[in-house]
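What follows is a single chain, given as structure tokens, in the form predicted alone.
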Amino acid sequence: MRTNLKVVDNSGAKRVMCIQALKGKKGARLGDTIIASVKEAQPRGKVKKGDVVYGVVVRAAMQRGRCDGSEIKFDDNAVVLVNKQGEPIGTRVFGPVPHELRKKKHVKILTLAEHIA
């Protein structure tokens, strides 16, 4: 694990490090939930440095095939912080978010996103 991910919501964290992928042994793919540790945080945010949080991977540099035969891949690895119930901690999501999150039951993240890829 130990992957550094960018946080793309306004929860207060800037960078997190993946501790564990909650599904499978291989690692997290697009739309998977992870457990992460906050490495960098903004002052007066909802989360602090050192907090252990849950997150949903919304952008991954590893490519993923779509059902129409095309493939999607992003420039960076990014995550949106969520609570244990799966609801986002922040109120805004920055940057593009893939529509595959709808299949993984993360519709709330899609409604907050500014651009759906």
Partner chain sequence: MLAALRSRAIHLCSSSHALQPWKPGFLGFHRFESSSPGSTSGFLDLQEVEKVLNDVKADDVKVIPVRNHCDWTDFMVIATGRSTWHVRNIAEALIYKAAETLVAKQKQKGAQRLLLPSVQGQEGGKWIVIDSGTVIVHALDEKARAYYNLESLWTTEMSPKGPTKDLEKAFVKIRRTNNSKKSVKKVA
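These numbers were taken from a predicted model, which means no experiment stands behind them. Numbering follows the first chain given and starts at 1.
There is also a form predicted together with the partner chain; it is not shown, and the following applies to it.
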> in the predicted bound form, which of the stretches 29-37, 51-59, 84-92, 71-79 has residues with heavy atoms within 4.5 Å of the partner chain?
Replying inline: 84-92
>> Does any part of residue 105 reach within 4.5 Å of the partner chain in the predicted bound form? Heavy atoms only, please.
In response: yes
> Would residue 23 sit within 4.5 Å of the partner chain in the predicted bound form, counting heavy atoms only?
Replying inline: no
> Quick one: does residue 4 come within 4.5 Å of the partner chain in the predicted bound form, counting heavy atoms only?
Replying inline: no
> Given that the partner is absent here, does residue 46 sit within 4.5 Å of the partner chain in the predicted bound form, heavy atoms only?
Replying inline: yes
> Listed by sequence position, which residues of 103-117 have a non-hydrogen atom within 4.5 angstroms of the partner chain in the predicted bound form?
Replying inline: 103, 105, 106, 107, 108, 110, 111, 112, 114, 115, 116
